[in-house]
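Have a look below at one chain only, the form predicted on its own, in structure tokens format.
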Amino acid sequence: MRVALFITCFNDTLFPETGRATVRILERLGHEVEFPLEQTCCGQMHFNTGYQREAIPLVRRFVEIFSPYDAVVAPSGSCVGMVRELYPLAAELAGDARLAADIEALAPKVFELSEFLVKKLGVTDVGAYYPHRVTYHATCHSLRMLEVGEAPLELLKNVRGIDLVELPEARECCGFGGTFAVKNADTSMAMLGDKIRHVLDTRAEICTAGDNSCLLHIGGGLHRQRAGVETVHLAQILATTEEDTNP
């Protein structure tokens, strides 16, 4: 299987360690991962803030770059949701039947990391070791748009040494929503306050999720409260082994 990593611009810029962790997991499972250097933004930020037509060149670029691969894996439910759910709308807006056909062929091959591991590969144990108390936040795009279901939790339950605790009201949004957090700051902060309260109720050391955008939002709130709780992407937990913790 020819596998490509779609790092996403958010991770590439702010959280490159998440991309490295994704590659490490896939290579541990025997896959050779390619990283197309030509990749750029998927266009989600533009499309969701009213610049749909301006996003179309980015859609075309993504399709051109990733179409040759058997699978495209990204550590972001948000960006994968853009490709699978909104790219067809972009093609319709462009009035381009060829682009629509190319998207129809490519979209089923684009996966969020946990769904690729569990639903595509049938793997729930990736050999991880993570001796910490952890709670999991289900991000909106992975939960509602991609419907990854229990895949992230199945992976976490098989991590050796972990103390996995359920997050109360785990299905509730953290309040980030991209530019929503800027345009509707008061509402966003109220939602974030609820999420932080639930995280603290678990007494977890670590809050994890499949999207660093949400973790940035949650982590910022935890940091401002000096709560002593860290945020770590799911891929980084799954990439950690006992050798990493006991060098």
Partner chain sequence: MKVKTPDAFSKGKTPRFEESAKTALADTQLRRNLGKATKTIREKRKVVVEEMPDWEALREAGRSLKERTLRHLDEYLEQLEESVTRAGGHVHWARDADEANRIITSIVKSHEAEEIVKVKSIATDETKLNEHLEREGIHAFETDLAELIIQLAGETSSHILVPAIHKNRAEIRELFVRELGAEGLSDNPPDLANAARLYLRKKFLSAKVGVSGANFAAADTGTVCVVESEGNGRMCTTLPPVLVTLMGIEKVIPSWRDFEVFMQLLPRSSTAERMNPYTSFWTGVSESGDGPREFHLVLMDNGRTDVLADEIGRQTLNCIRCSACLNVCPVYERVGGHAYNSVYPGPIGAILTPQLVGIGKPGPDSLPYASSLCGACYEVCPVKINIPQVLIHLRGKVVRKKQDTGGLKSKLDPENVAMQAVAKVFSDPERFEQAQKLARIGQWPLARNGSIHRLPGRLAGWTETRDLRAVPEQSFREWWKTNRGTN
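Numbering follows the first chain given and starts at 1. Quick caveat, the model's predicted, so the values are computed rather than measured.
Quick note: we don't show the form predicted together with its partner chain, though the next part is all about it.
Student: Are all three of 102, 153 and 157 close to its partner chain in the model of the complex, meaning a heavy atom of each within 4.5 Å?
Tutor: Negative, none of the three is within 4.5 Å.
Student: Are any of the heavy atoms in residue 237 no more than 4.5 Å from a heavy atom of its partner chain in the model of the complex?
Tutor: No, residue 237 is distant from the partner.
Student: Do residue 46 and its partner chain share at least one heavy atom pair within 4.5 Å in the model of the complex?
Tutor: Although its partner chain is absent here, residue 46 would touch it in the model of the complex, with heavy atoms inside 4.5 Å.
Student: State yes or no: in the model of the complex, is some non-hydrogen atom of residue 67 no more than 4.5 angstroms from a non-hydrogen atom of its partner chain?
Tutor: No - in the model of the complex, heavy atoms of residue 67 and its partner chain never come within 4.5 Å of each other.
Student: Would you please decide whether residue 133 lies within 4.5 angstroms of its partner chain in the model of the complex, comparing each non-hydrogen atom pair?
Tutor: Flag for residue 133 set to no.
Student: Quick one: find which of 159 to 167, 94 to 102, 112 to 120, 134 to 142 has residues within 4.5 Å of its partner chain in the model of the complex by heavy atom distance.
Tutor: The contacting stretch here is 134 to 142.
Student: May I ask you to list the residues of 1 to 37 that have any heavy atom within 4.5 angstroms of its partner chain in the model of the complex, in sequence order?
Tutor: Sequence-ordered list: 5, 7, 9, 12, 13, 14, 15, 16, 17, 19, 20, 23, 27, 33, 34, 35, 36, 37.
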